[in-house]
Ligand code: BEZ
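Presented below, as structure tokens, is a lone chain in the form predicted on its own.
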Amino acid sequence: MNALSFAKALVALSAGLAAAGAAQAQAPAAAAQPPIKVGLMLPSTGTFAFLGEMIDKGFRLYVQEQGGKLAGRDIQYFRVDDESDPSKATDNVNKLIKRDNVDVLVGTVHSGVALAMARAAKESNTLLIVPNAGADAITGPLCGPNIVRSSFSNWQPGYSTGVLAAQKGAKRMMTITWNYAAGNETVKGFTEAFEKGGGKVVKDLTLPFPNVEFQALLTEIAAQKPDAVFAFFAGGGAVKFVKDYAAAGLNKTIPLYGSGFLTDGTLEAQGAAAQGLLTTLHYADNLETPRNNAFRKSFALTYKQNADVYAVQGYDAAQILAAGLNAVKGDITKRDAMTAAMRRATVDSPRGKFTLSAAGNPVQDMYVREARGVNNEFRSVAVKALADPARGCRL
């Protein structure tokens, strides 16, 4: 080998050693950034399975739109069927916390299951994002710096419908719901706003969950002749109640108002009986904003189906997580800074921009929607930037 060849060989060897050294130097850094583990505890079977599916799809859509990463970190999903069963909730959530060692919990739909999740999250100091369940206690007595919600409290749609009913001039009203937490909390919110607006709730009617034998209660409404009725039902119960109310002829003389879940996902089955019903909720099917239009198009192209309020709440759960991770450059060990950033975030949601309260609940516009065909169409804003009172929260 001549001198020139020998010099070239030394240069090549030096370059190779330098590259190897650089690779070794980078290896520990890469190893220090494993995927962020997200535990999705949502219903996969039973009555709420479709709701869980839409939340899951919404969450994953946002991550997909960011290139499959949040703050530069890969996302690894773990999924547990919560079975919509509060008696199994603690065991199910511990599969994610203790077996899978997830960094973040996302769930759920059923308020009873979500309450157990919140308790487990507080005990283990695991970050929890609630994408649906409205139980007031989650951002009330069970609130914590590691718990936020991307949906609503039960109080919010109840309160905003009370505002609407008072504005419409009703003075004497009756309420009707199942005798369980979601119904009772929603009715309390309604009564608070309606009576603040000058009206009076003359009687609260309840029946056991999930009973749908309404006839005796409808007869009592007809006898009492209130100015209007407020109802909280969802799913199959909402379908039957609205149809029975119309079949009794009450819709011709006593206007019916409801939390948005009375007509969300139920209009096709309710048919003519639901047409014209006014409800309030934090989302409407035809919000004509660039953000909502882009979201609905992206969702339809990805999943070949239309988005709904549950998909929005899943999508926004991912947005809230991203806001926290971006603030700490993906270092999820900086939990205090991360959760503080989540609460400071302004979420650019398909529902409209919203912030989080100190208790971690959305401060959001509540919309008046009218049932037209199979859509809940936007009519006006019932209450601007409505904040849950977070009674009992101590942070």
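Residues carry their position along the shown sequence, with the first being 1. Bear in mind that the values here come from a model prediction, so they are computed numbers and not experimental data. For the two forms, the rigid core is made up of the largest set of C-alpha atoms that agree within 1.5 Å on superposition.
Keep in mind that the form predicted together with ligand BEZ is missing from the display, and what follows is about it.
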Handout entry: in the model of the complex, segment of 293-301, 230-238, 164-172, 213-221 with a heavy atom within 4.5 Å of ligand BEZ
Key = 230-238
Completion exercise
Note: exactly one of Ala182, Leu325, Leu96, Ala89 sits with a heavy atom within 4.5 Å of ligand BEZ in the model of the complex, namely Ala182
Practice task
Could you check which residue among Ala317, Ala274, Val109, Met117 gets a heavy atom within 4.5 Å of ligand BEZ in the model of the complex?
Solution key: Val109
Problem - Contact label in the model of the complex: Gly134 to ligand BEZ, heavy atom within 4.5 Å - result: yes
Practice task
Give a yes/no on whether Tyr367 approaches ligand BEZ to within 4.5 Å in the model of the complex, heavy atoms considered.
Solution key: no
Handout entry: Contact label in the model of the complex: Tyr310 to ligand BEZ, heavy atom within 4.5 Å
Key = yes
Exercise for the section: Although ligand BEZ is absent from this view, report whether Asn146 comes within 4.5 Å of it in the model of the complex, heavy atoms only. Expected result: no
Problem - Non-hydrogen atom within 4.5 angstroms of ligand BEZ in the model of the complex for each of Phe48, Phe152 and Phe261 - result: yes
Practice task
Please say whether, between this form and the one not shown, the C-alpha of Leu96 moves by 2 Å or more once the core is aligned.
Solution key: no
Handout entry: Phe295: Cα shift of 2 Å or greater between this form and the one not shown (core-aligned)
Key = no
Handout entry: Rigid-core frame, C-alpha of Phe232, shift of 2 angstroms or more between this form and the one not shown
Key = yes
